[in-house]
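Starting off, we have a lone chain in the form predicted on its own, written out as structure tokens.
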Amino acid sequence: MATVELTFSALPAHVRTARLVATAIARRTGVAEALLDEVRLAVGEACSRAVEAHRVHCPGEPIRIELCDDSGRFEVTVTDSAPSDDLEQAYKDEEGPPTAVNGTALASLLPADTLMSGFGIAVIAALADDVEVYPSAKGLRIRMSWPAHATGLTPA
């Protein structure tokens, strides 16, 4: 299993870079050409949501992305560090169980004032083959994956 890690500051301009990197790695890991637009859009949506949250709560903290090929799947995890009081009350431990898998009512998991954020997660769930959302008092982690048919990342 090969993993690429990327961190970037909470600036909208960096979302485009994250989309380009994710698409290039998805192509290299064997994601079907027909799915690359979905990868690009889902990663862009997850990163935009994280940038928005960071700009409000913690603009100096970086956003983290992990991209890996594992067991015939291309997996992207976007992690933010934006705290949420509502989530802190719901999850006293460091990280709660996954609270969303494709098809689950995702907007209800987030505070009422973040409806657009919930909508963004619903869009991600429609674009990715498999999605899990892990809320915690220390931020939100969105894991999404697509089928890949190559043997793994190879050097350029």
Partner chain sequence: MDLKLDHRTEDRLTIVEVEGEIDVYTAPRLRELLIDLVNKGNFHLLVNMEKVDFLDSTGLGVLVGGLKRVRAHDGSLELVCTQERILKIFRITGLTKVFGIYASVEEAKEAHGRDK
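Numbering follows the first chain given and starts at 1. Keep in mind that this is a model prediction, so the values were computed, not measured.
Just so it is clear, the following notes concern the form predicted in complex with its partner chain, a form of the same protein that is not shown.
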Worksheet item: Looking at the partner-bound form in the predicted complex, is R28 within 4.5 Å of its partner chain by any heavy atom?
Response: no
Worksheet item: Does A24 make contact with its partner chain in the predicted complex, using a 4.5 Å heavy atom cut-off?
Response: no
Discussion item. Against its partner chain in the predicted complex, would R141 count as a contact residue? Criterion: heavy atoms within 4.5 Å.
Written reply: no
Discussion item. Whether R40 contacts its partner chain in the predicted complex should be assessed with a 4.5 Å heavy atom distance threshold; does it?
Written reply: yes
Worksheet, complete the sentence: Partner-free chain; cross-checking its partner chain in the predicted complex, the single residue of E52, E66, E61, D129 with a heavy atom within 4.5 Å is E52
Item to complete: State yes only if every one of V4, P147 and A148 has a non-hydrogen atom within 4.5 Å of its partner chain in the predicted complex; otherwise state no.
Response: no
Discussion item. With its partner chain taken in the predicted complex, which residues across 63 to 83 come within 4.5 angstroms through any non-hydrogen atom?
Written reply: none
